[in-house]
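First, one chain by itself in structure tokens, the form predicted alone.
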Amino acid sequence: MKGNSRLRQILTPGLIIMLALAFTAGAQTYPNSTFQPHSELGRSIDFLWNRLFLLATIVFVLVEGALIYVIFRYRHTGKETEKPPQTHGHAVLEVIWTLIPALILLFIAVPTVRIIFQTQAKVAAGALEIDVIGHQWWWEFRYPEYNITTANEIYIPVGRTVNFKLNSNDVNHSFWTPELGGKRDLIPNHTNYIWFTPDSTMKSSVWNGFCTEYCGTSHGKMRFRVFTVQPAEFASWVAGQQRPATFGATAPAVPAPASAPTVAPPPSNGAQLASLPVGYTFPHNQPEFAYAKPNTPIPADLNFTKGLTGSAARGMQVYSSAACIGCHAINGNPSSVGVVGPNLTHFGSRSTIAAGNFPNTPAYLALWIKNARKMKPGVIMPTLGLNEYDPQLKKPVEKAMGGLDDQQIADIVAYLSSLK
């Protein structure tokens, strides 16, 4: 009976673990899983992981099997009358247990080095170039080929290789979209690169992106979205992004720098492009993409007056005379030429605000403008709500400090939301 009790003590935890694994394996969707790659880079890394895990499992089984055998085969029974013979300096054994680890390392090193050279190779000609600049705590994306600057959202066409040029504006960050490719660090005063080709067989979709290098207070809130779209959809998006802001466009589009060559629109099927309106936006609100919808909670003590209706025309005037223009650029608003914060030219077409942490809706945007530092600790965006307590200044915002009442904020929200 005592033996059965001990057996039950051993089997019960094992059974619980097996059931937990079974329930976990039964899940059908893994929206942020690196084990479901959709690019050649992702598949290379997935292959390397599988190969190394297989080798590690074999080594584990052999070593643990030998250890268990020795424990039971040479266990103390209390019947021994003589001390067992002692061996020392057995040359053959020493050679064997030196060669075995060397062979194991060889089997690990060969595929690892091969994948390193493969993923670090120069990108093929014709790749889409995207400059990625990490900030505390948001992402800036530039398309030098098309003279487009956006923030926290990337559009890339399926089937075309994309080369990301990675730089940091302040501290170390790390760029990672789990289902598309491996992560790569962004380091101040140093340029890194990573490239991959989204599978051409994919339908248009959205993927979550993250910063995976601790970079300060709101590191966990430094997110972005990658939209993999069809070539015609990408061409339509590019055409829309190259235009100035729709509302109040009082100035032509900012010309490309003198050093930038004139580039033709992205390749696409003419018939497909003709059927799409200029300025394609990914339909991110569909239920199948719920995994990409942010769910960051709002601070309990942050409120906004209900029922206010904003005016985009008034909002443009308030925005153009407020502190906003010192940090943000809007192509089409000659007063707004700041470079400290995200470019807001087509802000109304984006799916999220605050680096992917909140939906881009008037309600969330109003709260963000009112007190961004409560919603995302540490951000440099000042608190703009009149009489609102600023966590960094440790005092309420006054009119003389540029404080805006709720109606003024509602007007700015209406203006920014109109920038499609």
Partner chain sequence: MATTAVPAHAAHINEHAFDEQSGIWGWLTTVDHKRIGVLYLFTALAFFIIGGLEAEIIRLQLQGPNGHIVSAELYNQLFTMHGTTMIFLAVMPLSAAFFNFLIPLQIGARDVAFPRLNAFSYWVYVFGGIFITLPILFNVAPNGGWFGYAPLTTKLFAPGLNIDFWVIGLQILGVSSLAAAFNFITTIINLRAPGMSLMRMPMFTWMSFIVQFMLILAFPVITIALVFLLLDRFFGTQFYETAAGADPLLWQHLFWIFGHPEVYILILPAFGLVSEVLPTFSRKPLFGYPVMVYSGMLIGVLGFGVWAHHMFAVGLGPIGDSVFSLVTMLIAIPTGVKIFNWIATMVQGQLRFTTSMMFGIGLIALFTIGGISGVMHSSPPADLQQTDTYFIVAHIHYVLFGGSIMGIFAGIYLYFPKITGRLMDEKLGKIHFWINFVGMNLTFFPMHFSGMLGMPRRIYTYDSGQGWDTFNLMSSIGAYILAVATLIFAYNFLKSRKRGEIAGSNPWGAGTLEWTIPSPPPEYNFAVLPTVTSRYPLWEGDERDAESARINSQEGKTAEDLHIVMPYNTIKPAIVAGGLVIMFSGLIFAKALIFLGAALMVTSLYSWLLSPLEPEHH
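Rigid core (definition): largest C-alpha set, two forms, superposition within 1.5 Å. Residue numbers count along the first chain shown, from 1. Everything numeric here is computed off the predicted structure, so don't read it as measured data.
A second form of this protein, the form predicted in complex with the partner chain, is not displayed here; the remarks below concern that form.
Contact check for 94, 183 and 214: all three have a heavy atom within 4.5 Å of the partner chain in the predicted bound form. Figure note: of the listed segments 347 to 355, 32 to 40, 382 to 390, 362 to 370, the one touching the partner chain in the predicted bound form, with heavy atoms no more than 4.5 Å away, is 32 to 40. Exactly one listed residue, out of 286, 309, 201, 189, brings a non-hydrogen atom to within 4.5 Å of the partner chain in the predicted bound form: 189. With the partner removed from view, the residue among 242, 230, 205, 296 that has a non-hydrogen atom within 4.5 Å of the partner chain in the predicted bound form turns out to be 296.
Not displayed here, the partner chain is approached by residue 102 to within 4.5 Å at the level of heavy atoms in the predicted bound form. In the predicted bound form, the partner chain lies within 4.5 Å of some heavy atom of residue 82.
Contact check for residue 337: every heavy atom lies farther than 4.5 Å from the partner chain in the predicted bound form.
Proximity of residue 278 to the partner chain in the predicted bound form falls outside the 4.5 Å heavy atom cutoff. Interface residues of 46 to 61, taken as those with a heavy atom within 4.5 Å of the partner chain in the predicted bound form (partner not displayed): 48, 49, 52, 53, 56, 59, 60, in sequence order. Core-superposed comparison between the shown form and the other one: the C-alpha position of residue 47 differs by less than 2 Å. Superposition on the rigid core between the shown form and the other one places the CA atom of residue 107 2 Å or more away from its counterpart.
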